[in-house]
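Given next, in structure tokens, is a single chain: the form predicted alone.
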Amino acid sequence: MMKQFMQAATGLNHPGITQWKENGGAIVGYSCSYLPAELIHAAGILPIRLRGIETTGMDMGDAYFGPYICSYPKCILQQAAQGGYQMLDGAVITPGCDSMRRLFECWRKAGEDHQGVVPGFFYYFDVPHKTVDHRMKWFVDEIDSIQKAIETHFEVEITVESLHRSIATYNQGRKLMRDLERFRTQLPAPISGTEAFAISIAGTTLPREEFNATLSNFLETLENRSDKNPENPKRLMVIGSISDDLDLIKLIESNEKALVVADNLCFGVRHDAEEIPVTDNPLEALAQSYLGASTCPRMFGQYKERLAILEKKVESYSVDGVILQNIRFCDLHGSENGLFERDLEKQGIPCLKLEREYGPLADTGRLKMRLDAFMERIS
């Protein structure tokens, strides 16, 4: 079971996707966790998060974006240019930040210059930056618009009943992820941070029914699993910029006393919010749940709420230290990490700020040196 999660977490064309395509299924990639994946699932389409792993260069990314920008959208564009997204029938881009907004423009322009780079369904899904009433109505309208666009392009009908079924399926996955998180709060924890993060990433790319069944079986094995983690470890939480790179968590846990027991990452458990209610108006329920959480610094006026989430996790997971990582040129997380460091350190919670590039850890030596120094501090 763990092998299946690892395959999905470390490769774009893993067996789950290959099998889906062989069965004639369509796949739509999306860039941001604010897009309700249930909407795509209800159309009988596999929704997967867009990832920039396995890039083999940066010539296309540099040509369209330039050097002074977050490397995550650059890696996505590069992956599209080198043919890594051939399995996609569609892509949905959300302006999580200005760099991601530019991804839509640059990807579309690259499609004009290079045939086959842009998938057949290419959609810009806007998301408000506040949760006030008129913005919520706007978000409901945005969800309604993309539903109609999916129905038209793929010649399908998304019914209220199919949305209810998809919401129920994703709710089951959310419950299972909460069950997994409860194991991580245990002393000692029977699962490593690398394993838990692989499972979370796999949830964004495996067919949801397959993910739910595999995770349910895996949780049963944890009940009687002997602890294989470091003895009396320092329990760490990782937060900050988007990350789907297991090597970062592995690098942290390469220290013999380090164990990542919690995270607050876009590819981590943060995207698995509370269960979505099944109501007569599923689009409104989706809008309220996805936009109302405000867990990302792209949302205005919610810093205190996001800080409270971290404080609660520090207590619940018995966290000894917090690693605040951000991708270079990420203004949102780079700025907010500074505020988190200030406020958490005031409470006596040790913090380490790391700036890095998205993708392969080219500066492993520098990062390991700083991580080891942090471990000495909290020891």
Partner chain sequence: MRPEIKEYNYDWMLGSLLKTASGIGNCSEKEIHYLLKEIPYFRGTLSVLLREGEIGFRFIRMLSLYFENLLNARDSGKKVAAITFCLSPALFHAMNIVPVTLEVMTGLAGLLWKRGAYDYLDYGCELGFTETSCSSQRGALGAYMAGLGEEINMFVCDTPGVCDTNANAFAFASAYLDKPFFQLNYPHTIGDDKTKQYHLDDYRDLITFLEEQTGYPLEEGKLRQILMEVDKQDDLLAELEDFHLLKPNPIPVIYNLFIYIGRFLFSGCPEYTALLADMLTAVESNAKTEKSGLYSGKENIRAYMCYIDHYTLDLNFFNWLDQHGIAHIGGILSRNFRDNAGYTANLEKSTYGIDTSNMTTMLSSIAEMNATLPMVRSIRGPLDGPNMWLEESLSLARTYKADCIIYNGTPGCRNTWGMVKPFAREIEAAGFPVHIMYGDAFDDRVETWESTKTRLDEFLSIRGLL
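Residue numbers count along the first chain shown, from 1. It should be emphasised that the depicted structure is a prediction, and the values quoted were computed from it without experimental measurement.
Not pictured, yet referred to below: the form predicted in complex with its partner chain.
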{"query": "Stretch in contact in the predicted bound form with its partner chain, which is absent here, among 68-76, 155-163, 245-253, 181-189 (heavy atoms within 4.5 Å)", "finding": "68-76"}
{"query": "is_contact(Ser335, its partner chain) in the predicted bound form, heavy atom dist at most 4.5 Å", "finding": "yes"}
{"query": "is_contact(Pro128, its partner chain) in the predicted bound form, heavy atom dist at most 4.5 Å", "finding": "yes"}
{"query": "Proximity of Val132 to its partner chain in the predicted bound form, heavy atoms at 4.5 Å", "finding": "yes"}
{"query": "Partner contact for Arg225 in the predicted bound form: its partner chain, 4.5 angstroms, heavy atom", "finding": "no"}
{"query": "Contact residue in the predicted bound form, chosen from Gly120, Gly301, Pro277, Gly292 - any heavy atom within 4.5 Å of its partner chain", "finding": "Gly301"}
{"query": "In the predicted bound form, the residue from Arg101, Arg208, Lys234, Arg270 that sits within 4.5 Å of its partner chain by heavy atoms", "finding": "Arg101"}
{"query": "Sequence-ordered list of residues in 96-117 near its partner chain in the predicted bound form, where near means a heavy atom within 4.5 Å", "finding": "Gly96, Cys97, Asp98, Ser99, Arg101, Arg102, Phe104, Glu105, Cys106, Arg108, Lys109, Glu112, Asp113"}
